[in-house]
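First, one chain by itself: the form predicted on its own, in structure tokens.
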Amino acid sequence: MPDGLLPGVRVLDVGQGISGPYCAKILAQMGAEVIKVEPPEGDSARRMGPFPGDSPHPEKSGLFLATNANKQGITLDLSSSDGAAAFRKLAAGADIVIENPPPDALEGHGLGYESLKNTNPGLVFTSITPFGNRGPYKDFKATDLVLYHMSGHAHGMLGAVKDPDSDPPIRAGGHQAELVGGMAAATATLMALYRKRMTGQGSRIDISSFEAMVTQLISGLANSAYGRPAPPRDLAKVEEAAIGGMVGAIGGILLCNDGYVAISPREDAQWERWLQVMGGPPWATDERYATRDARQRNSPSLWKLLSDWSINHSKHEIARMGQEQRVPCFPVNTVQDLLSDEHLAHRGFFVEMEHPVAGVLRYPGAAYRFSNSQLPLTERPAPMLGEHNREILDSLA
């Protein structure tokens, strides 16, 4: 089988941090030739970590290693005439340029799309910014924290609370907005590349991470479109459980003897099968829990009964029993659980690569496979700072 879906496609990754490099990584693991262009001091992600032993090292940042695997790496000072000239030569032979300004916007160095397309009309130029290149917010700066809260996701985290004044909305872990923005950029870039192959024409792609995050709020947006109010955060006022939207009747997280399990026996038929999972508890015929509406009205007392039962079992045991009865039921996994998950292991999701400084590490692979193409997921580890300067820059002379 051929390696990858994008043979011969050259990408210049001028991004820093997460969104731009993650977009480029997706293209790299599809087989594109990706050259990471860093400033002389290196990508800011090299300083973000996490680091082994919490000891910062520019070649051992877990974040940098993960988002820059399968790329070559060079350093260029784009503010210098020599650096700008080298980049122009690279861009003249590239299919795709990816940036996520600020701080190093190519436009500010005279290397924006309008300038580069004069010598490369087929160039696809993808620019990822917090709010896009037009609109009232276009010049605003934002972090992942800002984008997560602005996009409406935090309002439902983690559902209703007893006292909204003392329990404010929180942000989910990780780098949600940055990764979602990078994924949206990769999707748009592939569409533009397809159009280029059909027409020969390049394009400039404007990606707003804010808008990319808002599109993930589909349940809440749909409810609002139907004229329903946003779910309240005050537990005393909740008429329907709400996590990222509106979910009727019983659904949520139960404490187990080794963690948590998520259940959602919302329909009456599912509820009857859930009672079988619990072994037919004595309160099963209580009229307070006999119907979907009744269970919703009496959810606090019902949830106490469910929790008293679940604490005696493991999360995987309950999840297995629920699945056997065709009830939506899943363990709440930790990162460590994922590393030992039998399904991920069977599909070979995690892959190993050896980095000359960081050593052998396990990396997340791809969530997809192709029957007629082998993805080059382990072609090379993330580049060391300036590792391919001589190989790539000398060829421009």
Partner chain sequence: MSELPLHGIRVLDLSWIIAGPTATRFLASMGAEVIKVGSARRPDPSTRGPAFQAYNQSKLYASLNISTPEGLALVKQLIAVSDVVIENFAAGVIERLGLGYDVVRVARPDIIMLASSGTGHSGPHKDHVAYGSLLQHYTGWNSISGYPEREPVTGGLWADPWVGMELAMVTAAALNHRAVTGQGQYVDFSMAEALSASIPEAILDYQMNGRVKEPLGNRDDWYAPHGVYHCAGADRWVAIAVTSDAEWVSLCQLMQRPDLAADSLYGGAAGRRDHQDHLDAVITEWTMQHEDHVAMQLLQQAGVPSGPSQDILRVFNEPQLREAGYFTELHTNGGGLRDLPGLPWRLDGGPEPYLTEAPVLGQHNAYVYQEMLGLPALEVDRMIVDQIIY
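Residue numbers count along the first chain shown, from 1. Since the model is a prediction, treat every value here as computed from it, not as a measurement.
From this point on, the text means the form predicted together with the partner chain, which you will not see here.
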Heavy atom within 4.5 Å of the partner chain in the predicted complex: which of T75, S208, S310, S299 fits that? Just give me the one.
S208
Decide whether A269 counts as a contact residue for the partner chain in the predicted complex under a heavy atom distance cut-off of 4.5 Å.
no
Check P328 for me: does it contact the partner chain in the predicted complex (non-hydrogen atoms, 4.5 angstroms)?
yes
Contact flag, G365 vs the partner chain in the predicted complex, heavy atom cut 4.5 Å
yes
State yes or no: in the predicted complex, is some non-hydrogen atom of E41 no more than 4.5 angstroms from a non-hydrogen atom of the partner chain?
no
Members of 330-350 lying within 4.5 angstroms of the partner chain, judged by heavy atom, in the predicted complex:
F330, P331, V332, N333, T334, V335, Q336, L338, L339, D341, E342, H343, L344, H346, R347, F349, F350
